[in-house]
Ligand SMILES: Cc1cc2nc3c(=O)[nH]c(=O)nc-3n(C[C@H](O)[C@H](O)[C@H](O)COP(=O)(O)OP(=O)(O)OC[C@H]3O[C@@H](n4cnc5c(N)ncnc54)[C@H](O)[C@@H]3O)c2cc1C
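Just the one chain here, laid out as C-alpha cells, in the form predicted alone.
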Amino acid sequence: MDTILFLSHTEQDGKLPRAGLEALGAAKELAQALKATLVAGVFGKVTQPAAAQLAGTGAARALAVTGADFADARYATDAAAAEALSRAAAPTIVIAPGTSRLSRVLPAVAHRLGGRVDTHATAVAAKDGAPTLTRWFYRQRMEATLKRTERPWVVLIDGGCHAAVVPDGGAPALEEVPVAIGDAQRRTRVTGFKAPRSDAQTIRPDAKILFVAGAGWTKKQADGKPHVEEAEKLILGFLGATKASLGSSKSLVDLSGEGNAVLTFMSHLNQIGQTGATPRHPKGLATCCHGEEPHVVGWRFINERRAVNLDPNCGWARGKADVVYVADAFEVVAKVNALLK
C-alpha cells in the first residue's frame, strides 16, 4: 500500500502558500484514488497555522519541523527539514508545490532518499492502480504522461494546475520531528529583502487578469505619430487600478534591440508565448497584438480570453479569443481607466 507525503514549507505567517494548497488538493485526490495513506509534512519558523489548513484532507499524520532556523529559504536547512520529514513518513510518493524554495532542494533530497524526482508536473492521477503524472515538453507544445517504478517518487506540481484544497473540520495535531542544525548549516544568512515598488511590480502570478500589450502600442497612430508616453500612462493606469499582471508579445519586447521606441517597464520577463511564459490567470485581455500562433501558445491555460484590435481579421478573431473588440486600444483603455476611477 502506498504512502503519500504532502510536503511544503510555510510562509512567514505560518500558513501554506497558495501553491501548497493546490498541491495538497492533488495529493488528497491521488491518495483517495490509490486508496493510499496520506501524511502531511510542513516546515518553517511557525507551522501551527498550517495545521488548520490540513483539516478535512484525511491525513493520517501531520508532521512538522518548526524553528527559527527554517524561517528563510536556505538550501542546507530546507534540505535537512525535507529529508527529516520524508524519513519520518517513509513515503512511496512525495507531492510538493513547485515553488522556487522547494524546487531548489527536493531533487537533492530525492537523491539522499535513493528515489527519483520529476518537476513541473501539471497533474497527478491513478491509472490502472498506479500513479502517473502529466507534464509539458518543448515549450509546452507536447504533453506527456509519465510513470516510474523507483521509490520514493518525488513530484513537484506547478502552481495554478490544480484547485486549492478547502479546509473542513478541526485541525490535526502536529507531530514535531526533531532536526539538528549546526553552525555549518547556518553559514548562509538572509540579511534582508529587496522588492520593487508596488507600482513598478508588473508580474503578478496570482492576479485574476492578465493584460498583454502588443507592438501596436508603440506604432504610429491615426495622426501618423507614435504616442509611447501616453501608452505607458494608460497601461500603468490599468495595471494600478486592476492589479492585473502584465504580459507582452515577442514583437514588443524585441523592439529595444531594433532601436525603436519601447515601453520602459517592459522586459523579456513579461513575454508570453512559445518562447516566453505560459501563465494561468482566470481571464486575459490582449491589446494591440494580432494573435499569432507562437504568441497564443502561452494562452493555453487562460480560461477566458478577450482581445482589442483594430483589425477584424486578426488571429484573435479566428477562434482564438472568446470576445474580440474591434476598436482602438488607446480609446478603450482610456475609457476603462476612467470608469475604474
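Start at 1 and count along the sequence shown; that's the residue number. What you are looking at is a predicted structure, and each value in this text was computed from that prediction instead of being measured. In this text, the rigid core denotes the largest set of C-alpha atoms whose superposition between the two forms falls within 1.5 Å.
What comes next is about the form predicted in complex with the ligand, which does not appear here.
Picking from 302 to 310, 66 to 74, 52 to 60, 33 to 41, which part of the chain touches the ligand in the predicted complex when contact means heavy atoms within 4.5 Å?
Within 4.5 Å of the partner lies stretch 302 to 310.
By the heavy atom within 4.5 Å rule, which residue out of 242, 221, 132, 103 makes contact with the ligand in the predicted complex?
Only one option qualifies, and that one is 221.
Only one of 280, 290, 45, 28 comes within 4.5 Å of the ligand in the predicted complex by heavy atoms, so just point that one out.
Partner contact (heavy atom, 4.5 Å) among the options: 290.
May I ask you to check whether residue 86 falls inside a 4.5 Å heavy atom distance of the ligand in the predicted complex?
Output for residue 86 is no: heavy atoms all beyond 4.5 Å of the ligand.
I'd like to check something about residue 91: if you look in the predicted complex, is any of its heavy atoms closer than or equal to 4.5 Å to a heavy atom of the ligand?
Residue 91 lies outside the contact set for the ligand.
When the contact criterion is heavy atoms within 4.5 Å, does residue 207 count as touching the ligand in the predicted complex?
Judged by the heavy-atom cut-off of 4.5 Å, residue 207 is well away from the ligand in the predicted complex.
State yes or no: in the predicted complex, is some non-hydrogen atom of residue 284 no more than 4.5 angstroms from a non-hydrogen atom of the ligand?
Result no; residue 284 lies far from the ligand in the predicted complex.
Compare the position of the CA of residue 46 between the shown form and the other one after a rigid core fit and state whether the shift reaches 2 Å.
Residue 46: C-alpha displaced by less than 2 Å between the shown form and the other one.
On a core-based superposition, does residue 19 travel 2 Å or more at its Cα between the shown form and the other one?
The answer is no; the displacement is under 2 Å.
Superposing on the rigid core, I want to see if residue 226 changes position between the shown form and the other one - specifically a Cα shift of 2 Å or more.
For residue 226, whose C-alpha is compared between the shown form and the other one after core superposition, the shift is 2 Å or more.
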